[in-house]
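Shown next as structure tokens: one chain only, the form predicted alone.
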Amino acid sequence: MSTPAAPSSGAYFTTVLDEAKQRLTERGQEVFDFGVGDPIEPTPEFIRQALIQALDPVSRYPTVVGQPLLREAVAGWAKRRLGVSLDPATEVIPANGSKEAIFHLPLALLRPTDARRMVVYPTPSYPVYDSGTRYAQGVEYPVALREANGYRLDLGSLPDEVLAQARIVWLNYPHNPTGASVDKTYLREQIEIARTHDILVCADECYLDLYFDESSPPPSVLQVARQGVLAFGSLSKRSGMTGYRSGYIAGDPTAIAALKRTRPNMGVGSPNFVQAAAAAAWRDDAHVAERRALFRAKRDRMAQFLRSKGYEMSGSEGAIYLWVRVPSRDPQSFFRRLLEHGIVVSPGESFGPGGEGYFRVALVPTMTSIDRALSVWDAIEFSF
């Protein structure tokens, strides 16, 4: 059984994992999929019903700016969750999930002839920051994150010549893949530095409502500033709507206006029935609390097992992931042994430089499946 490793240029890491799972399935092996962050819990019934009830007899093109009820629902959530008052008309625009929005942002804001077209982003990280930059012919500047400083991207540590060339910086907290979180002080410091150098701060906040400590919800950049800031949110994991492809971009009115001009060229208007379902999801907080409790239970079960076996975890404060150090000097051998027993995890290097020596556990399987997986894992003999 070959081991999934970092994908080559142009190959998305989830495709590599899918191929590995397919090979396991073909040989009749039960698969315990902790690799791809695609939760299997059902989408809440009220969200599905909202979509069904919004199916019109006549199908019409949706607009990129979206329906007022969706933008108002996002603004309502921001007021309840963040204490922030967003103008639905000028500071919110819907997206087909955060992946689409993140990928297209550099295409919308950068030009190959621009003197400043550098994009600063963390690594390890969501691979779309890199691919979106490259497709827009931007200049990539990955910043390696380290466990020692809590996986924080510190603009103040970058050379002056980099800050002078940078046009966009991506922040992502709770962080994928490490699950690390930050506080408002950190966000304020980064925004102040970015403002000094006229850098647009783009915050991937798709895991903002998924955290393990109920007493300490992660902050949003929108709680610190809106000028020079864009926040990207998603219903995929928050509401179990990965297949619906629905999210938002919110923040700086000037940047939002630029997106309203460019995004129609990309054809990214969400179907009206999806917008109706999304509006229902953003208006409700109870189902999100239930999902947090479920992920917390999975996290506690996995963390208890891993610690009992001597594994070292770091980050792992939010999102739906655990970030674990590989307990071997031969990571490929370690991943191969897990795969031989049907256990799929994501090698850290799949998320870019800095991920070497770690692996990500996505809290996706049911509790019953997790218990079966851990029973299998517990019996594996490793040669280290």
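The shown structure was predicted, so the numbers you read here are calculated from the model rather than taken from an experiment. When you see a residue number, it is the position in the sequence shown, counting from 1.
There is another form of the same protein, the form predicted in complex with a small molecule; it is not shown, and what comes next is about it.
Within 4.5 Å, heavy atoms only, which of Tyr151, Trp77, Tyr207, Phe295 is in contact with the small molecule in the predicted complex? The option sitting close enough to the partner is Tyr207.
Between Ile102, Ile191, Val182, Met302, only one gets a heavy atom within 4.5 angstroms of the small molecule in the predicted complex; which residue is that? Result of the distance check: Ile102.
Quick check on Thr178: any heavy atom within 4.5 Å of the small molecule in the predicted complex? Contact check for Thr178: no, nothing within 4.5 Å of the small molecule in the predicted complex.
Using 4.5 Å between non-hydrogen atoms, is Arg245 touching the small molecule in the predicted complex? Close contact exists here: in the predicted complex, Arg245 approaches the small molecule to within 4.5 Å, heavy atoms only.
Residue-level contact is defined here as any heavy atom of the residue lying within 4.5 Å of the small molecule in the predicted complex; does Arg238 satisfy this criterion? Arg238: no, not in contact with the small molecule in the predicted complex.
Tyr121, heavy atom within 4.5 angstroms of the small molecule in the predicted complex: Flag for Tyr121 set to no.
Only one of these stretches, 223 to 231, 310 to 318, 93 to 101, 152 to 160, has heavy atoms within 4.5 Å of the small molecule in the predicted complex; which one is it? Flagged stretch: 93 to 101.
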